[in-house]
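Just one chain is shown here, as structure tokens, and it is the form predicted alone.
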Amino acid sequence: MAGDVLATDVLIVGGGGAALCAALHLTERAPALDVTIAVKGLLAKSGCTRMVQGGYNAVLNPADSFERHFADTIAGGAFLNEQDLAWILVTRAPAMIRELESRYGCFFDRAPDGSIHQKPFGGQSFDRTVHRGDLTGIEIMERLRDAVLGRRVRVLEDHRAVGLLRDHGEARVCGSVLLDMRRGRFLVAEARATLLATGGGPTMYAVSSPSREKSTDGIAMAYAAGAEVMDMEMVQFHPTGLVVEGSELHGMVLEEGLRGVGGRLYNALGERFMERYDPARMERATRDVVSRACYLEAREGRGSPLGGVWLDLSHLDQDEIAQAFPGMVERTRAAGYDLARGRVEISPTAHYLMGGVRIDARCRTTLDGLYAAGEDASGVQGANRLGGNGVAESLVFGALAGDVIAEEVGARPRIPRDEREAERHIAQASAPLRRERGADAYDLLDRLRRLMWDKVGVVRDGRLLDEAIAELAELTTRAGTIGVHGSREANVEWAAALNLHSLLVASTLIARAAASRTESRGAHYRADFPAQDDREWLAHVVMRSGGDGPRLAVRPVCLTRMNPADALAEADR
């Protein structure tokens, strides 16, 4: 089936915070450009930015500083961050807050003196998380959506990308093949610049929190096209995922502010177990530390009946909890809990990918014509992301990508694409429809999620990782035999098969990178290598597609502003 052809100047793949900020900055700086957004769901209604509960980290108080925010981010990321990218994040985050309020009409909670209220999150040395109650993402995305709809931007909803287009020399990206999921028709989108802002989303785990349409499409497509990916072993597990077995709420995050205001964690013995893992910071330790503690308590037999632990806020003022966290109170009530008065069963949940497509300080990937921003990209958050830094990264780097593309695309002529590549993408994506009988996409998705949770999850070891790599290869082969039923139009089984394809690519990259990193750092914990090894592993695992699988390389982290020895000396003063 041939696809229709669309010629645009800039193609933005994704419809979350990074994508919308990129579109707004692009059209502000270069209003004559033809800009197209292709979003897998509905503009600003799907995706993960809208789901943000806690907030956005920014230095706004004179008693705070860029240096403190940067030091927190680097320490939280276990020094795996690309420091120039992290510096961009902390220095541009305050201006973006002002832009959100003054230009797009966002309104954030206020302190009694009228200043923007900032609340505490884990791993912070200063309370710097800007928020709108506990539904910050909705406030941001509704305002950004209104602004984008007021600009000259083509919006293609329910359009997913199935492969990137390159020129005949495979050196430059020049668009993407899109699939209109409502009509089951392909669209070949030719572009002078392409931005990946699909939002990552580690939904390959049995317990996960991202929106359900997320399937690491951007990372999988970039890798297949030859771009470098980096730090894929760094998967963040948020410690407080709601436990509601058999429900879509299972794994949904209870926001970090609940620990920030004094929420306590208990095991089945009634012990406040964080005393064993981080007695100084307790529940306000970083997400990697708290998640691992929760997981180990359950694994060692001190967990709840469903394999979790308990979050308890009943010692705090009930009215204040209800007023500060109305969304969390409502969410837990729907699951049969009373957040303000009783304990809530929680578990670590796969939440965020720190790894992704390698970018430079201008959001450029290693492929000409291809840019990435937000969770599709790597390097900003290092080995562990602090709460409140995720949405800040998406908006700051989305805006930066828009500015950069506006500057660069004018000098980038439109070049012919390799037409055979579009045909290959269309044939591959359509293959499941042509099989009357074949493997079941849902069964394989379930197998993948159990495999990743059991063998590439919160605690890893070499034997399990080797087993996982072998099983992923077998699953990938089986996925090539999937058959789906029904017509091309609005076929959710077909969508599941396409999601599985992307998730298998990303899962294999995660497992391969995790097997190669023989130490523990941030979110990557190896039971057989429990110590952090700065002498050997202050380095990125970088991968690029090869003939028979990923080609791995190890590259030192660029310590341009801070090194671990300096941080240790500062802490001892």
Ligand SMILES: Cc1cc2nc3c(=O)[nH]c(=O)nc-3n(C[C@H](O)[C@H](O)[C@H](O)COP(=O)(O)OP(=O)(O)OC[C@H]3O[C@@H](n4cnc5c(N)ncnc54)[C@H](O)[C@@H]3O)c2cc1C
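Treat the numbers as computed from the prediction; the structure is a model and nothing was measured. Start at 1 and count along the sequence shown; that's the residue number.
Note that the form predicted in complex with the named molecule isn't included here; everything after this is about it.
Enquirer: Take the named molecule as it is posed in the model of the complex, superpose the C-alphas around its site onto the chain shown here, and state whether the site is open or blocked, counting it as blocked when 3 or more ligand atoms lie within 2.4 Å of a backbone or C-beta atom.
Expert: Check passed, pocket reads open.
Enquirer: Looking at N384, S378, S347, S209 here, can you tell me which has any non-hydrogen atom within 4.5 angstroms of the named molecule in the model of the complex?
Expert: Checked against the cut-off, the match is S209.
Enquirer: Of these, T36, S520, T27, Q53, which has a heavy atom no more than 4.5 Å from the named molecule in the model of the complex?
Expert: After the contact test, the surviving option is Q53.
Enquirer: Looking at the named molecule in the model of the complex, is some heavy atom of each of Y205, G241 and V290 within 4.5 Å of it?
Expert: Checked in the model of the complex: no contact with the named molecule for any of the three.
Enquirer: Is there a heavy atom of E213 lying 4.5 Å or less from a heavy atom of the named molecule in the model of the complex?
Expert: Contact with the named molecule, yes.
Enquirer: Might A197 be said to contact the named molecule in the model of the complex, defining contact as any heavy atom within 4.5 Å?
Expert: Answer yes; at least one heavy atom of A197 falls within 4.5 Å of the named molecule in the model of the complex.
Enquirer: May I ask you to check whether L100 falls inside a 4.5 Å heavy atom distance of the named molecule in the model of the complex?
Expert: Outside the cut-off, so no.
Enquirer: Please tell me whether any heavy atom belonging to K40 falls inside 4.5 Å of a heavy atom of the named molecule, as the geometry stands in the model of the complex.
Expert: Contact check for K40: yes, within 4.5 Å of the named molecule in the model of the complex.
Enquirer: If contact means a heavy atom within 4.5 Å, which one of 226-234, 489-497, 155-163, 242-250 is the stretch that engages the named molecule in the model of the complex?
Expert: After filtering at 4.5 Å, what remains is 155-163.
Enquirer: Counting only non-hydrogen atoms and a 4.5 Å cut-off, give the residues of 516-539 close to the named molecule in the model of the complex.
Expert: Contacts from 516-539: none.
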